[in-house]
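The data below hold one chain only, encoded as structure tokens and taken in the form predicted alone.
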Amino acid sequence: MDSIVELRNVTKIFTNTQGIIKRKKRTVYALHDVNLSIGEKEILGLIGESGSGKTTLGLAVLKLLDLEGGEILFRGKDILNMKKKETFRFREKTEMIFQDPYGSLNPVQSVYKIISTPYKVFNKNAKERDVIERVIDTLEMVGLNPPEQYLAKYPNQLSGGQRQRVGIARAIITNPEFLVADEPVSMLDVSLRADVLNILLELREKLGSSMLFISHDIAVTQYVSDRIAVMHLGQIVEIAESTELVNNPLHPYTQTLISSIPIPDPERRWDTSEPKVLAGEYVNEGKDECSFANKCPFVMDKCRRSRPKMIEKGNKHYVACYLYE
């Protein structure tokens, strides 16, 4: 599969101050030598706990963060070294769907203004009549019908589900080749989630776009993604096709994530044989070790001495863990 986006040894470091007088500094590796690729028309799911670096990776892929190391290629071109004109066209081809449908929309702008603005930026000579038609077509694509009734409305006049559809419409009006969807359904009612996920799947077919789908919900990610990558403290620890990863998790961290999913069965009892997470410090300070070493129930000495490499265990299933050497 040809890649539209490729990450090579991508590293992003944040420095936090601690203590009452803020003199003590701590370096945190939000992304630590991340290698990842996303194919043409592929939806790659990215899962992990809050603070694992998922959103940081999504922002980095869209050139919204400076990096300390590595390369990010978009159609073979390093986005970090793009010139001004190249960056402008890159912005047209890549967009983001934000998590918060309330905070990501300007409350003083109408739906028409919100959706039409990015299209006008990249099509400065477009006639107003053509822009209106484009906005109407885009509203129909995201299921806001009849679209004419939404043009003059403001975000406070919309429900959460309608606001998120407006956010999706704003992201796709330029026909992007690549989308980053950052927890796009986490703030929606359960009854609305399936509708929004189906819209994303339909857009992939209509636009031919690739997508990085960020979520902490494994079930949602499996439904919408072709492959899933598991991230822990800035490191990718496992990658596989969606069904394969959920049915056959290899990394102890992935096993822990899946075993923690609540099952609505009153007769089910907790299985004591399931992986348990050990107590330990939970931060990546750039040490040459497995990011899960301080929490893993199967930790070995070499896990703390060096970081395991990603290896294939069949069925295009990759894992970074010394248990599978």
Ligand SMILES: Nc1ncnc2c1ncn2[C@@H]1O[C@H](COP(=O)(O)OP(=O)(O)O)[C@@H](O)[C@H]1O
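Here the structure is a predicted model, which is why all the values come from computation and not from measurement. One rule holds for the numbers: they count along the sequence shown, beginning at 1.
Omitted from view is the form predicted together with this ligand, to which the following refers.
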In the predicted complex, which of the listed residues (28, 62, 67, 257) lies with a heavy atom within 4.5 Å of this ligand?
28
Within a 4.5 Å heavy atom cut-off, is residue 315 in contact with this ligand in the predicted complex?
no
Hey, in the predicted complex, is residue 55 touching this ligand, heavy atoms inside 4.5 Å?
yes
Wondering, does residue 39 line up within 4.5 Å of this ligand in the predicted complex on heavy atoms?
no
Decide whether residue 9 counts as a contact residue for this ligand in the predicted complex under a heavy atom distance cut-off of 4.5 Å.
no
Taking only heavy atoms into account, state which residues of 58-95 are within 4.5 Å of this ligand in the predicted complex, ordered by sequence.
none
